[in-house]
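Below you will find one chain, with nothing else, as structure tokens; this is the form predicted on its own, and questions on how it binds or moves follow later.
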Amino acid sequence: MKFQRLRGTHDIYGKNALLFERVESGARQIFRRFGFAELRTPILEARELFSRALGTETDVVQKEMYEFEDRSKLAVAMRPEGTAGIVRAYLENDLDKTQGLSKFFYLGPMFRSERPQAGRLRQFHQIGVEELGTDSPYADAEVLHALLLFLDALGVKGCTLKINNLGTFEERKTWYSGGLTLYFKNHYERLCPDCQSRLTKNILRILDCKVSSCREIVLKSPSILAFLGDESKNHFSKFKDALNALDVSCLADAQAMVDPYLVRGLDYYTRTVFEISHPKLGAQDALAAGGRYDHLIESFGGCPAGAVGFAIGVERLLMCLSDQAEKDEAHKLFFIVTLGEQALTEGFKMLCGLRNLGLQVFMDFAAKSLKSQMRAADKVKADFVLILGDDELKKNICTLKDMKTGEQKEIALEDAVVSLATEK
């Protein structure tokens, strides 16, 4: 029986595997520069962890989360996002007490049962950053700086950065009662069925709707910025000043703008929210997003503490990489061709010696004909081929062939490993 992968999942191999490796390596390099340490959380967590963190009325919890009872009747879920697990680990391991300010990054698979489309899968991969234990607007700017620097290092250009301030939970209640609820009630018949339901369950989700008729209504609704208190206004002002200081336009060619209708799809966000979009992603153009979640730690049983972070989808990121970013690193590749049993033995010694010195070297242990081995070398796009047969062994040499120019030269066998190491 021949099996097929499940819809909404994909196998990562070949060029995509190399790109995944480059993206993850770049994330580690950039984020550690900012003092973020890697934290790996389980894929499987208690269901309540996500329902409490994300909100029971969010689309993720209502429609998308993979959840089930295990054999002990415990309600579990496969993680749909990374922040809730990071906060759980931060508290469970007493990092709030031993470290105070804690800075983490994570990478790995997430799971949501949504309709598969370009860059959106049921098993997808995210990279994220979380800074816990601070309510400073400069921390908001710091995580955004790390994100933009990461994109810039990968060669992603032409991004749009949208920022907003959602205020505190109390300010949002004033916003709802101060006109937002009445406004949407007056346009009830024009709202899509989902937004008609959201009006009584979670009005904030209406602002995140992508249906064109709903977007027209949203863009004329009362803005949260008119309902912010002095502390939230001051926080937003300092955040914008910090963004000016880091000059976002110099990173990933980002164009920054305030979008008073920008919200996030999860309920835990307070004050700062941001989103980075890219034209290569089409109508659903969000590449990365994040913001501040100042009450999540407290809701999980910790002491009140501010926190801010972001997440970026790796599959969507790969769609935005430039042609230059897709090129493999310029390491020369060698292929050893052997003719005869003795040559195979000597060739294997050379293979091990070259790999010990850091070279990328392949070899066909079946030791078939010269023609078939040369085809194999061409298939893996070898830059150089080392030929070792009876004639070479008699002369105590090997032949080095440049696959691009066709030029050949002889190298003393005893010096071959050392001399070829300089060809890297």
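Numbers follow the displayed sequence, beginning with 1. Model, not experiment: these values are computed from the prediction.
As for the form predicted in complex with ligand HAM, it is not shown, yet the points below apply to it.
Contact with ligand HAM in the predicted complex, defined as a heavy atom within 4.5 Å, holds for exactly one of 209, 243, 256, 287, namely 287. Interface residue among 105, 310, 239, 150 relative to ligand HAM in the predicted complex, by the heavy atom within 4.5 Å criterion: 310. Put simply, residue 293 is close to ligand HAM in the predicted complex: some heavy atom of it is within 4.5 Å. Contact annotation: residue 112 falls within 4.5 Å of ligand HAM in the predicted complex, judged by heavy atom distances.
At least one heavy atom of residue 121 is located within 4.5 Å of ligand HAM in the predicted complex. In the predicted complex, ligand HAM sits beyond 4.5 Å of every heavy atom of residue 165. The three residues 136, 140 and 232 each lack any heavy atom within 4.5 Å of ligand HAM in the predicted complex. Checking 218-226, 173-181, 68-76, 279-287 against ligand HAM in the predicted complex, the stretch whose residues place heavy atoms within 4.5 Å of it is 279-287.
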